[in-house]
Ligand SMILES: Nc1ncnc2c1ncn2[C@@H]1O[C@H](COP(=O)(O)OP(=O)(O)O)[C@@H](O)[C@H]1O
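Below, in structure tokens: the form predicted alone, a single chain.
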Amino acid sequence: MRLPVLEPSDLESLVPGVSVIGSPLNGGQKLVFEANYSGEKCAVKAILISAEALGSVPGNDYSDDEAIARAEREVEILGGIDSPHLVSLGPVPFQVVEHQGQRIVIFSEEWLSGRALNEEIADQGPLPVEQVLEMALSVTSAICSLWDRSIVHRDIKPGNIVRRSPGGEHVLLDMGLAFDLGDKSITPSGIYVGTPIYYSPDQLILRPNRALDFRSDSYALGTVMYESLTGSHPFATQGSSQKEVVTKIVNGEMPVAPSSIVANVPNEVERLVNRLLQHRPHRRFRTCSQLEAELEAIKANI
């Protein structure tokens, strides 16, 4: 997806009261500005919906209205769930603006000063088991909070897990692909959105969205835990293509045991990750609370 062409001074003109700090960051599908607004530090996010000079925005397989509806749903979810492990909304209200032929969605979230999990893995390689369990508990809490509202995140990956502060708790962000079973579908049937190598088999087989539940997110958590424990994706080897990785997931292949890569992975942690990565949803955990309790028990005994 193309990012909007937007300078700090442009944002300050478009949204009175915003004072940008430094240069914007590439947030994947969003341009992210560190800013102050009404005396509060926040992350102002800008999403390009369309641009007259460019035609349709590459990577958008849905219409302008659908893209705006997706952003509106993200803001609604963040505003409706109070969890310490989900990023919270910031003070800049949701709005659609026009700038130099571009239609841009703007809203804000809390500013997270810690690092994303993918950055920690890239710098450190395999992470300490205790840290991985803490991360998994935080993400599981977020998954449970979403599922209490019949919402599936659908995009859990290391880049969407960030520390609230250096050394602090992990927070799940980016609800842009979240699916609310109680709401209408936004993504057309058969369209992939997000990062398929972190999908569950349930998503890749393209069964109807309404057949998904929290177990799809728990599979993605298993992938993230494996990568955190070993420093490598469970289904990717050097030179692997996305298609090859996706094929392994769809076919139900199991990765090599984490302990064969990093010797100090405890058996109970390995068994839990293996369970999360089961091809059939019914072979994972039956409830969110069951997964949470298992993680707590393992953490207490490590």
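Only a predicted model underlies this, so the values are computations on that prediction, with no experimental measurement involved. Heads up: residue numbers just count along the shown sequence, starting at 1.
Note that the form predicted together with the named molecule isn't included here; everything after this is about it.
Using a 4.5 angstroms threshold between heavy atoms, E110 counts as touching the named molecule in the model of the complex. Using a 4.5 angstroms limit between non-hydrogen atoms, G27 touches the named molecule in the model of the complex. Looking at S228, you'd find every heavy atom of it more than 4.5 angstroms from the named molecule in the model of the complex. When contacts are judged by a 4.5 Å heavy atom cut-off, S200 does not count as touching the named molecule in the model of the complex. This chain appears without its partner; in the model of the complex, the one residue of V92, L127, L133, A116 with a heavy atom within 4.5 Å of the named molecule is A116. This chain appears without its partner; in the model of the complex, the one residue of N160, T140, T223, S216 with a heavy atom within 4.5 Å of the named molecule is N160.
Residues of just one listed stretch (228 to 236, 167 to 175, 95 to 103, 143 to 151) have heavy atoms within 4.5 Å of the named molecule in the model of the complex: 167 to 175.
The single residue of 86 to 101 lying near the named molecule in the model of the complex is V87, the criterion being any heavy atom within 4.5 Å.
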